[in-house]
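Okay, so here's just one chain, in structure tokens, the form predicted alone.
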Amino acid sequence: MMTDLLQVLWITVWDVLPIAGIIFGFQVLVLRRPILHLRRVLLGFFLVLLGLGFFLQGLEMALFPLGKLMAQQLTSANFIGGGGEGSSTTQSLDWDAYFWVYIFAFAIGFATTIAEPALLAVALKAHQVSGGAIGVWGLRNAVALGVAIGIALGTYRIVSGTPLHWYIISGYVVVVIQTLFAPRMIIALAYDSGGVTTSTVTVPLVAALGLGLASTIPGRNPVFDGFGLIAFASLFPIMSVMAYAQFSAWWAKPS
């Protein structure tokens, strides 16, 4: 384990070095100003490297295996009532037999999004610059609901084997129509909300869930079917945030 951790730390150093080079290079060569609190900055970079290393190692040791394990347990024939462990019995099950898979995907999508630090930062800033018009918890719940619906629908796509582009194209058609009618203040924030959700907490668990499902459901290929849940997690929050703003605007209208 220590060997793997040291290898991950070394890879992380090489990944972060270009970022540090650009920042220090612009500060010294372009702006021609000294770096204030150099020791503190270097200590911060060291902590970033250490944290990223432990985070990446934790993904490999815990989250990815956990996601695969949950997918295996939720899709086992004994659990969903297939009555046996043979692949032929599981193969005969319909998409609605995987009801608990969709429930778990919805729950994990909502929970991970609420815990996402990037979303919290954006919600606090939006509340600040809007003078309180955009609520922190209202925005976070709207985004989390969108992610939850998107991931649940994405797991249905994996189970049913339907093409990914049908969902993505249809979703963006809805987004374009919503953009025409949503309050102008919320449009840019809604589009950003789709990006901030796919960060450090959500992506590892969602990716592990998708790959685990595609690996355990008969007839599915992890390469072709295991990926794509992140696209759902990015798309549906845009719709849910604009819908939240549209509903709020309608509710605030005097009757």
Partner chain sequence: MTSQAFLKTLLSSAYDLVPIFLVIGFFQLAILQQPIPNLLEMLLGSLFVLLGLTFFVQGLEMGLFPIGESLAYAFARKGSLVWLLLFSFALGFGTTIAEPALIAVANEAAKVAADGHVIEATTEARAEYAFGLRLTVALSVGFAIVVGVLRIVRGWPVQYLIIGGYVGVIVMTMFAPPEIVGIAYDTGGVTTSTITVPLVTALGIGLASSIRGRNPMVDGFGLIAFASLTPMIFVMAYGMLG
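Only the largest set of C-alpha atoms that superpose within 1.5 Å between the two forms is called the rigid core. Everything numeric in this text was worked out from a predicted model, so none of it was measured. Residue numbers count along the first chain shown, from 1.
Not on display, but discussed next: the form predicted in complex with the partner chain.
field: Residue contact check: Gly67 to the partner chain in the model of the complex, 4.5 Å heavy atom
entry: Yes, Gly67 sits close enough to the partner chain in the model of the complex that at least one of its heavy atoms falls within 4.5 Å.
Any non-hydrogen atom of Gly44 within 4.5 angstroms of the partner chain in the model of the complex: The answer is yes: Gly44 has a heavy atom within 4.5 Å of the partner chain.
- prompt: Can any non-hydrogen atom of Ser199 be found within 4.5 angstroms of the partner chain in the model of the complex?
  reply: Judged by the heavy-atom cut-off of 4.5 Å, Ser199 is in contact with the partner chain in the model of the complex.
message: So in the model of the complex, is the partner chain close enough to Thr179 to count as touching (4.5 Å, heavy atoms)?
response: Heavy-atom contact with the partner chain at 4.5 Å: present for Thr179.
- prompt: Is the partner chain in the model of the complex near all of Ala148, Leu153 and Pro218, within 4.5 Å of a heavy atom of each?
  reply: Verified in the model of the complex; spot residues all out of contact, no.
- prompt: Using a 4.5 Å cut-off on heavy atoms, which residues of 178-201 contact the partner chain in the model of the complex?
  reply: The stretch 178-201, when checked against the partner chain in the model of the complex, contributes Thr179, Arg184, Met185, Ile187, Ala188, Leu189, Tyr191, Asp192, Gly195, Val196, Thr198, Ser199, Thr200, Val201 at the 4.5 Å heavy-atom cut-off.
- prompt: 2 Å or more on the CA of Thr12 between the shown form and the other one, with the rigid core superposed, yes or no?
  reply: Yes, Thr12 moves 2 Å or more.
query: Comparing between the shown form and the other one on the rigid core: C-alpha of Ala188 shifted by 2 Å or more?
result: No, its C-alpha moves less than 2 Å.
query: When the two forms are laid on each other by their rigid core, does Phe247 show a Cα shift of 2 Å or more between the shown form and the other one?
result: Result for Phe247: no, shift under 2 Å.
- request: Compare the CA separation of Ala214 and Phe55 in the model of the complex with the one in the displayed structure, and answer closer or farther (the difference is at least 3 Å).
  value: Relative to the displayed form, Ala214 and Phe55 move farther apart in the model of the complex - a change of at least 3 Å between their C-alphas.
- prompt: Which is it in the model of the complex for the CA atoms of Ala207 and Phe55, closer or farther than here, knowing they shift by 3 Å or more?
  reply: The answer is farther, because the C-alphas of Ala207 and Phe55 separate from each other in the model of the complex by 3 Å or more.
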